[in-house]
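For reference, the chain that follows is the form predicted on its own, supplied as C-alpha cells.
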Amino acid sequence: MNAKALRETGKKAKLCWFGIALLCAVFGTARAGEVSVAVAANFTGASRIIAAEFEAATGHRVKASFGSTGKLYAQIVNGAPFEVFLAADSVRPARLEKEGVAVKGSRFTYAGGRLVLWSPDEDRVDPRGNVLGSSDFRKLALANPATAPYGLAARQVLENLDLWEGLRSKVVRGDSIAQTFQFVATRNAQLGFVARSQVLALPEAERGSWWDIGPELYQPIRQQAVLLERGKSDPAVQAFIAYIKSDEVRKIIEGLGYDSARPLRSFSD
C-alpha cells in the first residue's frame, strides 16, 4: 500500500471515528485524553500512522514507547505506567493476564508478523535464502531471541535449516528488531533477519534484496494487544482498543506488510 492509498484509508477511518467522537460528546466523555501505549519495535512505523489517524478522529493523544517485547513486558511488570501493550507475541500478553496486570479476556491478535532475510544490496539475497549456506557474508544480524519474538523466529529458521550452530560465530544480536534493522541498514552486518514490514516501509529503490521466509520454518508470530489494568476505566483507552480492532486499521496493517489477524485468531494459546 503506497502513501496515497494509506491516506485514503485514513480518510475512511476518520469518517467512521467521527461518529464515535460525536457519541463521546453526547455522553460527556469527549474531553481529550492521553493513552500510554507500549509498542513492540517492529510495529513502530505502523503505530505512528494509526496513532495519527486515531488522534485526528477522536481528539485523544497517544503516547507511545517502543522496544523489544520482552523488555517492555519487564517494564510493565515493574510498574511502568502503560495502559495498552501492543506486543510482538502472544506469550507476554497471556502472562500479564495471568499475573493480574492486564484485564482478563482483553487480549486479541491485531497482526501476523512476517520474517524476512534482508540485505540493502540488490543481488546479495536470493529468493530461497541459499546465501545463508555460502561464505558471502561476515555478520548476520538478528534480534535477541530471549526478548524479541522476531529474534526467536530467526533462530527457529536457522535451527530448522540445520544452520544455527554453524553460523553462531557470525551472529550479531540487536536488543530489538529495530536495532537489528539498523545493523543491516548501516552495513555493520551484511545480512539480517528483520520484519517484512520494515523492508516494505523503505522506498522501493532502497529495498535491496530479501528472502520472504516461508511460515513453515518458524512458529506463527501472533502479535497480540492487551488492555492493562491501569487503563481499564479510561474512555480514551477504551476508544483506542476499539480502534485497533476496527476493519479500517486492519486494512492499514495489512497494507504495511503484515498478515491478517483474522486467520491467526484460531491458534490456541
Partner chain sequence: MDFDWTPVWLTLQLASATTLILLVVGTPIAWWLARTGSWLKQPIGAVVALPLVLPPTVLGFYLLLLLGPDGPVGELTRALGLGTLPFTFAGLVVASVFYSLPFVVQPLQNAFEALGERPLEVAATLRASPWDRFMTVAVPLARPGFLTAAVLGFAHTVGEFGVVLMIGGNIPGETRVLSVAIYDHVEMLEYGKAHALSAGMVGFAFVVLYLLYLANQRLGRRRS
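Positions refer to the first chain, counted from 1. Note that this is a predicted model, so its numbers are computed, not measured.
The form predicted in complex with the partner chain is left out here; the points below concern that form.
Contact check at 4.5 Å (heavy atoms) against the partner chain in the predicted bound form: none of 47, 80 and 243 pass. Listed stretches are 225 to 233, 65 to 73, 39 to 47, 204 to 212; the contact stretch with the partner chain in the predicted bound form is 65 to 73, by a heavy atom cutoff of 4.5 Å. Of the residues 199, 189, 178, 152, just one reaches the partner chain in the predicted bound form with a heavy atom at 4.5 Å or closer; this is 189. Checked against the partner chain in the predicted bound form, the candidates 161, 103, 172, 167 yield a single residue with a heavy atom inside 4.5 Å, and that residue is 172. Using a 4.5 angstroms threshold between heavy atoms, residue 138 counts as touching the partner chain in the predicted bound form.
Although the partner is absent here, residue 119 lies well away from the partner chain in the predicted bound form, with no heavy atom inside 4.5 Å. With a 4.5 Å cutoff on heavy atoms, residue 107 does not count as touching the partner chain in the predicted bound form; it lies far away. Within this chain, residue 90 is remote from the site of the partner chain in the predicted bound form, having no heavy atom within 4.5 Å. Residues of 88 to 113 that come within 4.5 Å of the partner chain in the predicted bound form, judged by any heavy atom, reduce to 95 alone.
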